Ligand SMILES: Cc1cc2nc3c(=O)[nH]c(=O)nc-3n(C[C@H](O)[C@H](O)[C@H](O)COP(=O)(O)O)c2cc1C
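A lone chain, given as structure tokens: the form predicted on its own.
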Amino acid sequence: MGRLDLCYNIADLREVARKRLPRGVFEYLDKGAEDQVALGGNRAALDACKLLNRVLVDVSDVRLESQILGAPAALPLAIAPTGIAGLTWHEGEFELAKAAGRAGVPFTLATGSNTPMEKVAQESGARAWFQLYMWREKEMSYELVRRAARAGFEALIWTVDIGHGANREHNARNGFATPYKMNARSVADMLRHPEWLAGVMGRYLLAGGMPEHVNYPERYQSRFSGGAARKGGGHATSLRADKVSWEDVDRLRDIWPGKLVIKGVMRPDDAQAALAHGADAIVVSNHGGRNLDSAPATLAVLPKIVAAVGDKAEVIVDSGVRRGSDIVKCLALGASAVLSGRATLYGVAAGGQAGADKALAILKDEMKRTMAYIGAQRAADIGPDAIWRA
């Protein structure tokens, strides 16, 4: 049996990924910020949320099909933007996108990906969304947005919860940065993981060099290679826009022809402002616990945001989903869908597209089983009555 055959849940895929990846790469995707409080809080909130089973009802035809941003999806899930995917597997973003296409769910390509956006949009077979970080030179960001539109991406997700960057101390300890740079600690780390070294870094080197943020403008590419990345943070935060406003949403609405989504909303008033400025949906997100370590769990703030938005737009939620039952809990509390970040990333890190296929199949099977327990034949039938309240 192959190692994927011995993976029965997302935790098993995570363990395979942990053994296969260099420590710096694994901890970058696996950990949060500072003391990991927000990271643990997301899981604690999901674990504390309990579901009530309903008995003696017909569950002979449970179906997970949903509508996400006005189009069909095989289940109420989309793959979140994860810029590290290309370091877990060669062209890991493309492998994730192909898995999403096979599973019938949308895939979001991160700004900092290592695979050209045109390849993902035109060759993966997935509904392709593009994630944006705004740069200080905003016109360069608008240029990237226009390029994504020309490539055929159907939705733009602007991630707005970045502030002044994240304090991820483990990255500094591991000597990790993106784009991936050679130093004494990273080389020693790589040499202890020969399978990853040959299958990922070796393939990039044979193809012409170290993995790069290939979708960045040439001017920003040169700044990265010149060392603009923040030590320990893994991102060129010196280039990120720290002077933004709701007028920037208006500008994106003017130039983006597809669905516009604001990601990183944790307050009802911010959710209402996003809608007032033309957003089609919001993502309730604390960045997977990777930025503000004092942030509450997304599940805790979700109900009030749903109430504030009403039926005016879709409310998507992320951060902490590891089980199909977690998806059911999010929907029961009012979300229209979830974004899967680490769960599917563990899959691609464990086995490329096959591993991502496995992760999505696990979540789908678990969700279907949970729906049967609570007596819901369709995803749209999942409501607040499924939540047990002490």
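Residue numbers run from 1 along the displayed sequence. Since the structure is predicted, the reported quantities are computational estimates derived from the model, not experimental observations.
Below, we turn to the form predicted in complex with the named molecule, even though it does not appear here.
Colleague: With the cut-off set at 4.5 Å between non-hydrogen atoms, does A349 touch the named molecule in the model of the complex?
Modeller: No.
Colleague: For G92, is any heavy atom within 4.5 Å of the named molecule in the model of the complex, or not?
Modeller: Output for G92 is no: heavy atoms all beyond 4.5 Å of the named molecule.
Colleague: At the 4.5 Å heavy atom threshold, is R342 in contact with the named molecule in the model of the complex?
Modeller: Judged by the heavy-atom cut-off of 4.5 Å, R342 is in contact with the named molecule in the model of the complex.
Colleague: A80 near the named molecule in the model of the complex, any heavy atom under 4.5 Å?
Modeller: Output for A80 is yes: heavy atoms within 4.5 Å of the named molecule.
Colleague: Is the named molecule close enough to A110, K263 and G288 in the model of the complex that each of the three has a heavy atom within 4.5 Å of it?
Modeller: The answer is yes: all three residues contact the partner (heavy atom, 4.5 Å cut-off).
Colleague: So which of S124, Q131, S186, T115 gets a non-hydrogen atom within 4.5 Å of the named molecule in the model of the complex?
Modeller: Exactly one residue meets the criterion: Q131.
Colleague: Between V200, I84, I316, L299, only one gets a heavy atom within 4.5 angstroms of the named molecule in the model of the complex; which residue is that?
Modeller: Among V200, I84, I316, L299, a heavy atom within 4.5 Å of the named molecule in the model of the complex occurs only for I84.
Colleague: Thinking of the named molecule in the model of the complex, which stretch from 27 to 35, 66 to 74, 329 to 337, 358 to 366 has heavy atoms inside 4.5 Å of it?
Modeller: Partner-contacting stretch among the options: 27 to 35.
Colleague: Need the contact residues for 309 to 333: heavy atom within 4.5 Å of the named molecule in the model of the complex, sequence order, or none if there are none.
Modeller: The stretch touches the partner through D318, S319, G320, V321, R322.
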